[in-house]
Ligand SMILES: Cc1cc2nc3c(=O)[nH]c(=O)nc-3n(C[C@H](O)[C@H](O)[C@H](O)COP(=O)(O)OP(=O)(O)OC[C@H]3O[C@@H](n4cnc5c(N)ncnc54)[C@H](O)[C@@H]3O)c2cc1C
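Next up is one chain by itself, shown in structure tokens, the form predicted on its own.
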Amino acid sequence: MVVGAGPIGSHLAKEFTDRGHSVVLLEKGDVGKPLKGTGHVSADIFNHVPRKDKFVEKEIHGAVVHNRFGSYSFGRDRLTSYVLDRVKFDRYMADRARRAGADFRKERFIDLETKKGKVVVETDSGKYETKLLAGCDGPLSDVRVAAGLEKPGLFMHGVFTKQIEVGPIQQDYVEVFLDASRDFFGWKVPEEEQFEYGLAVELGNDSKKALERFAKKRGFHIGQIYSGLIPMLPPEKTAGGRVFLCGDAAGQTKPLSGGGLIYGLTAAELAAETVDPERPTTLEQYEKRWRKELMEEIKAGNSIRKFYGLPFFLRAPFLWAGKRMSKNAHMDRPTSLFH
């Protein structure tokens, strides 16, 4: 059983179903809503899922990073990433899992109990027995809490808004504003007919006021505000008993940018390759495999993240050096910056 039909939970359900397992996929709300994150994702997304024009809004060629008195271009000579319509993408992923054979049910997870070699799952519609339970239910994962697993070590709060423009957007690069947030950065992402402006702050700081200051400085209008938590720094354990976590629930996100799609999809694939519902001890192998694949990048990204909080005059030499080192850098692999 998989709890959470976001992109990671849906992908995990499909991967297990493709391997001949029966999967129930639970989702408490409308897939893709409310919107909680930007759709900017590296070009590696299509190493994991098929490309469909219906959810691709924009091809992105690099980024321009603004550091108060100077701007620095990175990767402007090549296709680096895409902007996806997250509502359409999330729904495509859930439909893809259903077509593969996953039993999709709109129910809210309430609690779990492990007994006699199975997990008894309680929802708002009844109880189920399952050999394994996967929590893909986001940063505040109810499955994680019910299983007694620790939460990620850091949470950021991202807030963003959309500004509609007249006619198609010609800009094909993202912009990063290092002075928009004392904890992270601000961004401007072009979509098909609008720009997304947003920023993130550490949980507990006033994200709305930070967005208002950002809007005043950059001259954009704040319309509807969207928000979501960004979990970072995975806990020491993401599996225990017959329960495991994947995606935001496990803190499998990039501290460098806050994105979680690529890392979460990677972890879902590793889980499907490794975990045998008949042998719950294989969850230990999943834990080892995803950490071997992702933790070095997460640690490197977290080290770079601390650079955002430096005074602007200390950031400048790092940006200059980073620009010289960035020819072969990859946004999902921070360690590539040093190769």
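Since we're looking at a predicted model, the values are computed, not measured. Position 1 is the first residue in the sequence shown; the rest follow in order.
In what follows, reference is made to the form predicted together with the named molecule, a form of this protein that is not presented.
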### Task
Select, from the options 308 to 316, 287 to 295, 27 to 35, 267 to 275, the stretch whose residues sit within 4.5 angstroms of the named molecule in the predicted complex by heavy atom distance.
27 to 35
### Heavy atom within 4.5 Å of the named molecule in the predicted complex - the one residue of Leu112, Leu133, Ile230, Leu211 that qualifies
Ile230
### Message
Looking at Pro255, Gly186, Pro234, Gly260 here, can you tell me which has any non-hydrogen atom within 4.5 angstroms of the named molecule in the predicted complex?
### Response
Gly260
### Task
Mark Leu245 yes when one of its heavy atoms lies within 4.5 Å of a heavy atom of the named molecule in the predicted complex, and no otherwise.
no
### Interface membership of Arg108, the named molecule in the predicted complex, 4.5 Å heavy atom rule
yes
### Contact of Gly39 with the named molecule in the predicted complex (heavy atom, 4.5 Å)
yes
### Query
For Gly158, is any heavy atom within 4.5 Å of the named molecule in the predicted complex, or not?
yes
### Query
Since the partner is left out here, which residues of 136 to 150 would have a heavy atom within 4.5 Å of the named molecule in the predicted complex?
Cys136, Asp137, Gly138, Pro139, Asp142
